[in-house]
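We've got the same protein chain twice here, in two forms, each standing alone as structure tokens: structure 1 and structure 2.
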Structure 1
């Protein structure tokens, strides 16, 4: 009996001594929320980031990706990330409600090409937009990657900027987008993107504008088959991380997170042109008609885009510096 008691006591002590080791091996869960469905650039970027972090830390972190608004709409999961309920999220200019300069990520008619934007987002422009954001928002912006240029899709053919005037066009409920529609003489109709197909069917709107990835995802070209390659706004999203969580990461882990963010963003930039090419093929095969605006049309779009920039001058102290910085990358 004594021997049995001694054996049980030894096992109990052994168990107690090994508990901290088991606890140390427990993976740290990192949740990332996003709004886009599977297969879209945002979701691809989140999954690549997760892969690189888990590889770089040898599985120390269990990075879980929740796309397609599984953890709520953008405003809700941004708020959860700020509070530390979840650790990370992906979003675009929704963060401009916290820090107005973030709206300038999608400045109309600012970039000549993906290459131009890529250089700006890897350079001074990104730094100037991001300056002071972390202190104001409670979030750190880790990268910037493209969802694609926005193009018009309409029920009727568009051959000049005058054909856009008076059209009821769906726009995101963002002042910048509403102002751009106004500058073009359109009637901007704010509504969630998911409601667009039904609104087109019912004749509530005449069209809208979206990146190719969204146009293809909802097969918008089947309802509004006329696609105008206006490329008036480049949609840029980013990965954001809760400041407290990020700042408490061990230095070696923080470096892995930073490198994973940069690497995943570069992957998305590289695939962006290919995504557009494949989208054009799918739209054309599906009966859509794609038209490239002439020089006069492009000039009118440029003028309308620059007409929206006044919104930044009133809200972003370094707006002119940001706009000037882009020129060096042309």
Structure 2
């Protein structure tokens, strides 16, 4: 009898010490890398996605979010996601180096409003851009959400398109952006997002273009206080997931991932207009000067923006169909 009690107590002890560790090991870790700082729409979107997946699977997945280039700059973490070193990332048209159609997510001067873009991204346009991407890239694009319209920030005041000519303007290292800078007569300086504050500080650039969320988060207006409300490109970022990981998810879990991606993107679309309004207040309070371009300036931007579309006709087989599809959502 005594031996049996001892044996049962030993088993109970063993259970107590091994169970929690076993439970912790069972969680499947999902790492998501992003490039934007805390508080920006991209980071908010990643965190909401993580929350929805963890809730929807009752904690089966431990979704860890690494914003602000913590796992490396955008090109590095996209490569890590493709290799399966991490499972997911958030990024924008950097993926056009894998599949040129992805640049069309950010076609310059295309959308009349956020609402117009929202409908196109929830409809045919998104599907047409995405067609064939997964097979070529090893990644699946789960959603599309806005970071805001890009505006120019410059050290010197800008009142016409001529004032932009020759300026050393930072651009993301993406052919579309280099082409747009060329169309405007700027000297495009390609560099990753994380290098912008130092470049502004050291004076290696005269300005650049970014959505308000970036201009505010990095306080760009402190060094380049002239903000020209050009709104020439709507920045669209997406959550991307490694194909092998995604395709091996049990169907019920894959559905939770899909739904969480859609729901978090919708949350970001809803907050986009508000982000813009708050940013205007903060920039103005911080000494930035926001100027709306006149009709002539706007026409020049439209011409330059549409000038970049040649790139799409040259590299994207269904470019015309994609551009046509946007009209139905006007």
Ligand code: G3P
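Numbering follows the first chain given and starts at 1. Here, rigid core means the biggest group of C-alpha atoms that superpose within 1.5 Å across both forms. Remember, predicted model here, so these are calculated numbers, not experimental data.
In this pair, the copy labelled structure 2 belongs to the form predicted together with SN-glycerol-3-phosphate. For residue 132, the Cα coordinates differ by under 2 angstroms between structures 1 and 2 after the core has been superposed. Residue 259: CA moves less than 2 Å between structures 1 and 2 after rigid-core fitting. Superposition of the core reveals a Cα shift of less than 2 Å for residue 246 between structures 1 and 2. Core fit done between structures 1 and 2; CA of residue 202 shifted by 4.7 Å. Comparison between structures 1 and 2 places the CA of residue 192 3.5 angstrom away from its other position, after core fitting.
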